Structure formats: structure tokens, C-alpha cells
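What follows is a single chain, given as C-alpha cells, in the form predicted on its own.
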Amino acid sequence: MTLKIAQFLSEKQPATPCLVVDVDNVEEHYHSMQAALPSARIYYAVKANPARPVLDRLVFLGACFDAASWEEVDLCLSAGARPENISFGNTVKKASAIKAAYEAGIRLFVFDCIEELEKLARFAPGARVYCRLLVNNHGAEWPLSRKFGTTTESARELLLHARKLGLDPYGVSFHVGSQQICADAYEAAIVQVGTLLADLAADGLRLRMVNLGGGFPIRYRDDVPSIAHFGQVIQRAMKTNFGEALPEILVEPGRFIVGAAGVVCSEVVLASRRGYVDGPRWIYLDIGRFGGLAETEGESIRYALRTERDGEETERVALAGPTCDGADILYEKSYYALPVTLEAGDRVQILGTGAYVSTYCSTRFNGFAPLSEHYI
């Protein structure tokens, strides 16, 4: 909760549910990432929050962008980003999307299989390409393994084949999972990359880039290692594995850049034990998993909460959204305690919601309108 957001909520009393983002805080986190990894180029993961005020500020700061679709590429271009500063970072792309991006000047694309590589050769001839590796996601609160990435052996063959197809095999990428709280995960992945690049160099192919992906964490309810710590571990691992001949380094932070900049303001719709003597009291909010809080699935991301009654006696609660879907439960197993006097009409602020909330919001499930957004 920044001072700007607190003042905005106090003075404007916006209708709920709503997301309020402090764009100055976005800039602060961008500079923190620069300081932690000064040799890396920052490609903001647009999917975290593609709002125009966020993109405008990052373009002004000279950021690059990781886009997951043609639509995100177009958003970046509309905000003034140069094509050479945009990576099409989704391994699953329609041919029409590749073609549109290439015609718009995009020349950096990811792949992880022969079928995608052949699409790139056809619709983005001569483009720089990088192969995504499958790496261990241990330590991530929101893992991304299985759906993306290939083995080291397959990546070697694919990158050699890319050259035969007339593409420019530029580098490799990996992702250690979102909200990764273990810096050693990056070190282990860098070791894997170092072996691959050495093998390719022996085959006469010298790659020039390593994309470390995103995953850098923010604080929700519990402390996490600082971005400076991650930077130290990564820089040490890069030097150990590559010596003085360091490749270009890219990073794709999303949550770290914008997550802490946002607060969701919600309203209690119902607070009741529903006749049960034992067990927690149920608090139903006007926003739930279908309203943007999708990362509460499996209670993976545990947001910090504030209420207007903080400081009063508390009791254990379960938290749920407003829809008539039984899956719309935020927290039932994780321990949450809120004031015993909390009742319908009270406001609850959900902190650290600047990333992956507005973009996960459904389109009128149960008739509920998407949450409104305020960028200040």
C-alpha cells in the first residue's frame, strides 16, 4: 500500500471491486531490477499488466517488452515501443500472429519444438530465434513447468536445425516458475544452459544470448529474498559458467515490476457461519477467482489483506468470491484471521495485486462486471 494509493482510496472512495495501481511504484521496481542486474536487458512481461499507463511509463524508461500474442505486440507498438525492443515470447503462436508481428518489424521469436520452428522459418524468415528449455520449478509458488520448454538434447538439435532453415539461432531461454523464492533455481538452470552452449560451440554454433525469464518474487504475506540477492546469485552463476565471455543477458520480469504497485479494493458481501458452530466464519467478497484472483487457485498466491477494522479482535475466516460456483473459494486451508466485527458493506483491501489480476478477470461470469481500474 503506497501513500498515493491510500490517499486515492480515502479521497475518491471508488466503487468496488476496483484495482488501483501506483505507476511511480512500477518505475521504482524497474530501477531496482536494473540495479540488481545491470548487465541484463529488461523485457517487461506484458501479460502481467498490459495497461496503457504502465506501458507508457516503461517505454519512457527505455524498457523492452516480452509479448505473448500479436495483440500484446500491437499494444506495445501503439505505446511507442520500437519493434527491435519487442520479443514474441510465447512458444505457441498462430501462423497469422507470427506473420503480423514480422510484418510489423518484430525479429525476435521463441520456440520449443520443430513444428514451431518450421512456422517461424516460413512466416518470419531470417529472424533471430531462441529455444526455451524445460527446467526445474522447485521453489516456485506458481509453477510453469510441463506446458513449455524442451530438453537440452532436443534444444541442441533444434538450434542446429534453425541455422539450416535460414533462421538466426540467437540463444536459449528458461523460466524457473512464477513467484520463485529460491535464487538457487536460477543457478541450476544457468548450469544447464552453460552445458548446452558449450556443446553447441563444439558443433560450430556459438549462441549469443541467455534469457533468464521472469519469476522474481514480491512480498505478499511473507518476506522473500531481495532482488539484490537474486542479482548476486545470478551474476555469480553466469561468471562461473561462462567466465569473461558472457553472453547477452535478458530477463522478463512481470510480477516483480508491477505486482506491488497495485491494490484491489473490495467489499464484503456476506459474513456468516451459516449455522456451523465449529470451523471458520465465511467472508464473501465482491471479487473472487473469476473476478481476477485466479492465482488463489490451490491457495498458491496468498495475498495480504487490510480492513477498516484492523486492530480489533480477530478470528479465523475462510474467504470466497461472490459467484454461485463452488470453485470460487480463495482461502479455506490457509490461515487467515480478520476482525470478528467485519460485516457486509465493509471494505477489504487486497495488497500486491498489480500483476495477473486485471488480465485474469473474466467477462461477466454470473453477470458480474470486470473490476474497474485506476492508474495514478
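Values in this document were obtained by computation on a predicted structure and should not be read as measured data. Numbering starts at 1 and runs along the sequence shown.
The protein also exists as the form predicted in complex with another copy of the chain; that form is not presented, and the subsequent description refers to it.
Novice: Would residue 290 sit within 4.5 Å of another copy of the chain in the model of the complex, counting heavy atoms only?
Specialist: Yes, contact at 4.5 Å.
Novice: Answer for residue 128 alone: is it within 4.5 Å of another copy of the chain in the model of the complex, judged on heavy atom distances?
Specialist: No, residue 128 is distant from the partner.
Novice: Since only the chain is shown here, I'm wondering whether residue 358 would be in contact with another copy of the chain in the model of the complex (any heavy atom pair within 4.5 Å).
Specialist: So residue 358 counts as contacting another copy of the chain.
Novice: So in the model of the complex, does any heavy atom of residue 100 sit within 4.5 Å of another copy of the chain?
Specialist: So residue 100 does not count as contacting another copy of the chain.
Novice: Would you mind picking out the stretch of 160-168, 239-247, 85-93, 181-189 that comes within 4.5 angstroms of another copy of the chain in the model of the complex, counting non-hydrogen atoms?
Specialist: Checking each option against the 4.5 Å cut-off leaves 85-93.
Novice: With another copy of the chain left out of view, choose which of 138, 107, 306, 119 has a non-hydrogen atom within 4.5 angstroms of it in the model of the complex.
Specialist: Checked against the cut-off, the match is 119.
Novice: Report yes if all three of 134, 282 and 370 come within 4.5 Å of another copy of the chain in the model of the complex by some heavy atom, otherwise no.
Specialist: Yes, all three are in contact.
Novice: Taking heavy atoms and a 4.5 Å limit, what residues of 146-181 are near another copy of the chain in the model of the complex?
Specialist: If the 4.5 Å heavy-atom criterion is applied to another copy of the chain in the model of the complex, 146-181 yields 146, 147, 148, 149, 150, 151, 154.
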